[in-house]
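Shown next as structure tokens: one chain only, the form predicted on its own.
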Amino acid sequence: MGENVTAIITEIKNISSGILNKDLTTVRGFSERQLEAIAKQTALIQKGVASGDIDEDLREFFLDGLEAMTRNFINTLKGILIVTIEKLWNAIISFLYKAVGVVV
């Protein structure tokens, strides 16, 4: 591999690592907070069902809430990941264009 190819690969890796490390930290923090909230809600429902404070109808209501929380979590996660991939694509394409001498 030529020296230029190695330098281009190294730069693409650096660009990728910089974006992914920053955005994955954001995703990790978001995920931990959301998962904790979902787990706490689940534990509260378990406790209410076990004690009899939550009857079958109310349990269904809370289960619908858990479904909504989980769906929102997954949809937000998908959105964050799509934005991260888009940022990565833009950064790599910008670098490649500059490497070729094209002004973006």
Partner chain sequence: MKVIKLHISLLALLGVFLLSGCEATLAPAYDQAIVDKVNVNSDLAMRFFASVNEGTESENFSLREPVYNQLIGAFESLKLHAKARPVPDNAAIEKINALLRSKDSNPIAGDYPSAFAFEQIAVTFAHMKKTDREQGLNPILIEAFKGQVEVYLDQAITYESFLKR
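Rigid core (definition): largest C-alpha set, two forms, superposition within 1.5 Å. Numbering follows the first chain given and starts at 1. If you're wondering where the values come from, they're calculated on a predicted model, not measured in any experiment.
Unshown form predicted in complex with its partner chain; subsequent notes refer to it.
Undergrad: Residue 9: heavy atom within 4.5 Å of its partner chain in the model of the complex?
TA: No, no contact at 4.5 Å.
Undergrad: Do residue 78 and its partner chain come within 4.5 Å of each other in the model of the complex, heavy atoms counted?
TA: Flag for residue 78 set to yes.
Undergrad: Using 4.5 Å between non-hydrogen atoms, is residue 42 touching its partner chain in the model of the complex?
TA: Outside the cut-off, so no.
Undergrad: Residue 28 versus its partner chain, in the model of the complex: is there a non-hydrogen atom within 4.5 Å?
TA: No, no contact at 4.5 Å.
Undergrad: So which residues in 61-93, when you check its partner chain in the model of the complex, have a heavy atom no farther than 4.5 Å from it?
TA: Contacting residues: 61, 62, 65, 68, 69, 71, 72, 73, 75, 76, 78, 79, 80, 81, 82, 83, 84, 85, 86, 87, 89, 90, 93.
Undergrad: Any chance the CA of residue 30 moves 2 angstroms or more between this form and the one not shown, core superposed?
TA: Where the cores coincide, residue 30 shows only a C-alpha shift between this form and the one not shown that is less than 2 Å.
Undergrad: By the 2 angstroms cut-off, has the C-alpha of residue 67 moved between this form and the one not shown once the rigid core is superposed?
TA: The answer is no; the displacement is under 2 Å.
Undergrad: Given a superposition on the rigid core, I'd like a yes or no on whether residue 77 shifts its C-alpha by 2 Å or more between this form and the one not shown.
TA: Moves: no, less than 2 Å.
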